[in-house]
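Single chain ahead, written as C-alpha cells, the form predicted alone.
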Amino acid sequence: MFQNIMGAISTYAIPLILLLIPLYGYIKKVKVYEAFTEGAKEGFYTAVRIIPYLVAMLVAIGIFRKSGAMDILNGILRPITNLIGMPSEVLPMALMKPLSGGGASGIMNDLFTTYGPDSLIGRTASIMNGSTETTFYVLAVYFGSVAIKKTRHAVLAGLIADTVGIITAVIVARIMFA
C-alpha cells in the first residue's frame, strides 16, 4: 500500500511541478520564459565563479578516498554504527555524502550491484541518500559564490543535520523493510 502511494506520487510529482511553475508565473503576470533565460545567464556566471572551489573540493575528496583514509575512518566508526544498527556496508556512503553527491551515488551504485536495490542495505542507502545533504559541496558553492569566508555555525549545523538524517534513515529502513 505504502509503496503504491509513493510510486503514484513519484510518477506525477515532477510533471505536476513543471506545470505549476509556468501556471503560477502566468497568474502573477511574470514573463516565465524571459525570467528563465535571465536566471540561466546568472547561473552560468555563478558556475564560472565557483569552479575554483569545486576543483579544490573534488581534489581533496579524491585524495581522501585514494589515500585509504576512508577505510581507516570506516574501521574507527564501525563500533558506533553497530550500536545504532546501521549495516557497516552503508558507512562509506554516509561518510561520503556530506563531501560529494557524485561520490555517494557511486558508492550507492556499488551497494546496489553487490546487494541489490531491494535489500535492506540498498533501501537504507537510498533513504540515506535522500535524507542527507552534500554539506561541504553546498557550503563551497553557495558561500564561494558570494565570497563568504567565515562560515560561522553552518558547517556544524549541516553536519548535525546529516547525522540526524543518517540515523533516521537507518531507523526508517529497519521499521519499514526489515
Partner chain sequence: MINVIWLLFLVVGIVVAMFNGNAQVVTDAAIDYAEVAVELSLGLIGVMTLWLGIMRIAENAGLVKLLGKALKPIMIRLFPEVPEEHPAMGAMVMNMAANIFGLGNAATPLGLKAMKELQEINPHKDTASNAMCTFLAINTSSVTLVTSSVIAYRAAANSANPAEIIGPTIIATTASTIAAVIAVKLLQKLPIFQIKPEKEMES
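Positions refer to the first chain, counted from 1. Between two forms, the rigid core is the largest collection of C-alphas that superpose within 1.5 Å. The structure presented is a predicted model; accordingly, all values stated were derived computationally and were not measured.
Only in words, not in the display: the form predicted together with its partner chain, which the text now covers.
Heavy atoms of Met176 reach within 4.5 Å of its partner chain in the model of the complex, making it an interface residue. Ile72 belongs to the set of residues with a heavy atom inside 4.5 Å of its partner chain in the model of the complex. Using a 4.5 angstroms limit between non-hydrogen atoms, Ser105 touches its partner chain in the model of the complex. Contact between Leu99 and its partner chain in the model of the complex is found at the 4.5 Å heavy atom cutoff. Shown here without its partner chain, the chain has Phe143, Ser145, Val146, Ala147, Ile148, Lys149, Lys150, Thr151, Arg152, His153, Ala154, Val155, Leu156, Ala157, Gly158, Ile160, Ala161, Asp162, Val164, Gly165, Thr168, Ala169, Val172, Met176, Phe177 in 143-177 lying with a heavy atom within 4.5 Å of that partner in the model of the complex.
After superposing the rigid core, the Cα of Gly25 is displaced by 2 Å or more between the shown form and the other one. After superposition on the rigid core, the Cα atom of Ala56 is displaced by 2 Å or more between the shown form and the other one.
Relative to the superposed core, Gly130 undergoes a C-alpha shift smaller than 2 Å between the shown form and the other one.
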